[in-house]
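Next up: a single chain in structure tokens, the form predicted alone.
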Amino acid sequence: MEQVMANGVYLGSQYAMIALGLTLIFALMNVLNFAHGQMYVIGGFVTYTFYGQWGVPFVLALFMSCMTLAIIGALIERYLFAPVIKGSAREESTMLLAAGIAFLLDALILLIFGEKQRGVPKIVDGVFNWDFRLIMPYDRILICVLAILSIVAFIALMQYSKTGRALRALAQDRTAAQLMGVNVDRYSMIGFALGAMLAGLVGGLLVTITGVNLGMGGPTSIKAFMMVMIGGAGVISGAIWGGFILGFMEAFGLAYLSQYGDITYLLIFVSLMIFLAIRPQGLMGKPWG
């Protein structure tokens, strides 16, 4: 049981980070960013390039991954999403645009990095062993701690900084925030860049564990949407709860149901469907939105 709990915390921390970026973008712009998984993959490839190929220190490579995705996110919001949102009243327009961006990023990833699996050297060697009841490589422990610290830093940013207060006001009521002097266009771009940066950060962290390849974008986006639906669309705390719930469900399934084949995610999807039928707004969402 100790091993399952530890694996749940490890998986939940990374999943929560993935969901945070997606739910932030949805809360600010009411946009389902289908390209979130592809942004995660780009973050992993950027860290692989700087750290694995060029020998740059891991912390600096992680910073470059965050900055690269923040720039990509800002450009996507400013030159793609913003004109579509202003020029079209149909929500389907942004959904189609997001799907198109996902396909575009997949093509660019294939063109620049190829389709092969890439990996980097471990950042920490050794394995923690507690009487054979809990076995966890030190690099996974470090990644888990960094992920939790990143979540705490994100919450602090949203709660106590001027930018965070502006983003929360924008998420609660876009029109009221504009009337109160919030630069809606500027903070929409900042919020989208921040969401993309979170995807790049977790991609850069996990490339040291799982590696990275072209095919990881789609499954990552699916998991991100599952977490957002569990916690409640557009709710920051809901994204964190959704990430940890999915992490513990996956850890439990892999520990106790692996002998039945790939049944873990089948049961997770069935459970999610039943849960949403009972509470369609998610754990933390409100019935009215």
Partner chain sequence: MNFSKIQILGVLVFLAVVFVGVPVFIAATGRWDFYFTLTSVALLAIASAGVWLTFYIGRINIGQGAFALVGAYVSAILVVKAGWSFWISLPAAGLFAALVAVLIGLPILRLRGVYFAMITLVLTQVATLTALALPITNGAKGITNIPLPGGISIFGITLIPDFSTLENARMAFYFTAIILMIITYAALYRLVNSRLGHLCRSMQQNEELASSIGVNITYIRILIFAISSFFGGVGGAMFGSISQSVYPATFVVKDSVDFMLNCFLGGLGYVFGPMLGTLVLYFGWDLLFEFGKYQMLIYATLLILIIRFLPNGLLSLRFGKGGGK
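Just so you know, these numbers come straight off a predicted model, no measurement behind them. Numbering follows the first chain given and starts at 1.
Beyond the structure shown, there is the form predicted together with its partner chain, which is absent from this document and is the topic of what follows.
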> Tell me, which of 241, 63, 26, 252 has a heavy atom within 4.5 angstroms of its partner chain in the model of the complex?
Replying inline: 26
> Heavy atom within 4.5 Å of its partner chain in the model of the complex: which of 127, 180, 124, 104?
Replying inline: 104
> in the model of the complex, does residue 232 have a heavy atom within 4.5 Å of its partner chain?
Replying inline: yes
> Is residue 265 close enough to touch its partner chain in the model of the complex, meaning at least one heavy atom pair within 4.5 Å?
Replying inline: yes
>> Considering non-hydrogen atoms and a 4.5 Å limit, does its partner chain approach residue 79 in the model of the complex?
In response: yes
> Could you tell me if residue 88 has a non-hydrogen atom within 4.5 Å of its partner chain in the model of the complex?
Replying inline: yes
> Residues in which of 155-163, 67-75, 202-210, 105-113 have heavy atoms within 4.5 Å of its partner chain in the model of the complex?
Replying inline: 105-113
>> Would all three of 10, 119 and 138 be in contact with its partner chain in the model of the complex, where contact means some heavy atom lies within 4.5 Å?
In response: no
